[in-house]
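Presented below, as structure tokens, is a lone chain in the form predicted alone.
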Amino acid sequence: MGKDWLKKRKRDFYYRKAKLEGLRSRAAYKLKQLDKKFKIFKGVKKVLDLCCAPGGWLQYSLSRIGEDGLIIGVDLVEIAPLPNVRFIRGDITREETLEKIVKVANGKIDLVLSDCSPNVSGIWELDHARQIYLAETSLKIARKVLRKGGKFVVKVFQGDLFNNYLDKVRELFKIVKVTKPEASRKESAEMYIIAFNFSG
């Protein structure tokens, strides 16, 4: 990442706001805005956050659930500990990671969050396909761990595979919305699918 990218990030409103407020990433504001619009955390006590590093979504989840809930974070890279968060270091595409999630959850989950992104190569078709693969994996995990009536929030890159993925989500959830929060960078191809009422 070059100097121009770093300068641009430092000028970014949400990046500076996150620094001032002690948040681990600007991504926390995306989840906050999605929650404000769709009431994602209403009735939620158990959360699974996939690709959670560095922990911005975990911090927001903690602020919404409190100490009596359960929050599980999963990522390939270690994160600094957070109170009342159970962290699993692992690859979400591996079966052994799913087995660890099921064991730690000790029952069904109310909400699965997925803000996964691949290491971007700059080749759009490849990056889009890799990101959709992570979204597909997140949906597979959600099918395994969500309670009936549960919720799913997933980031998806726009592209020729988007609609097919959206159809798969619609097969499993009764209410499905597509949106882009204000905190998403305008030049970003990311969209968020908000899915309610998992059919089980």
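Heads up: residue numbers just count along the shown sequence, starting at 1. If you're wondering where the values come from, they're calculated on a predicted model, not measured in any experiment.
Omitted from view is the form predicted together with a small molecule, to which the following refers.
Here is the short version: of 34, 145, 44, 134, the single residue with a heavy atom within 4.5 Å of the small molecule in the predicted complex is 134.
The contact residue chosen from 27, 169, 40, 65 relative to the small molecule in the predicted complex is 27, the criterion being a non-hydrogen atom within 4.5 angstroms. Contact annotation for residue 101: none of its heavy atoms lies within 4.5 Å of the small molecule in the predicted complex. None of the heavy atoms of residue 150 is located within 4.5 Å of the small molecule in the predicted complex. At a distance threshold of 4.5 angstroms between non-hydrogen atoms, residue 91 is in contact with the small molecule in the predicted complex.
Using a 4.5 angstroms threshold between heavy atoms, residue 76 counts as touching the small molecule in the predicted complex. Screening 65-73, 171-179, 158-166, 49-57 for residues having heavy atoms within 4.5 Å of the small molecule in the predicted complex returns a single hit, 49-57.
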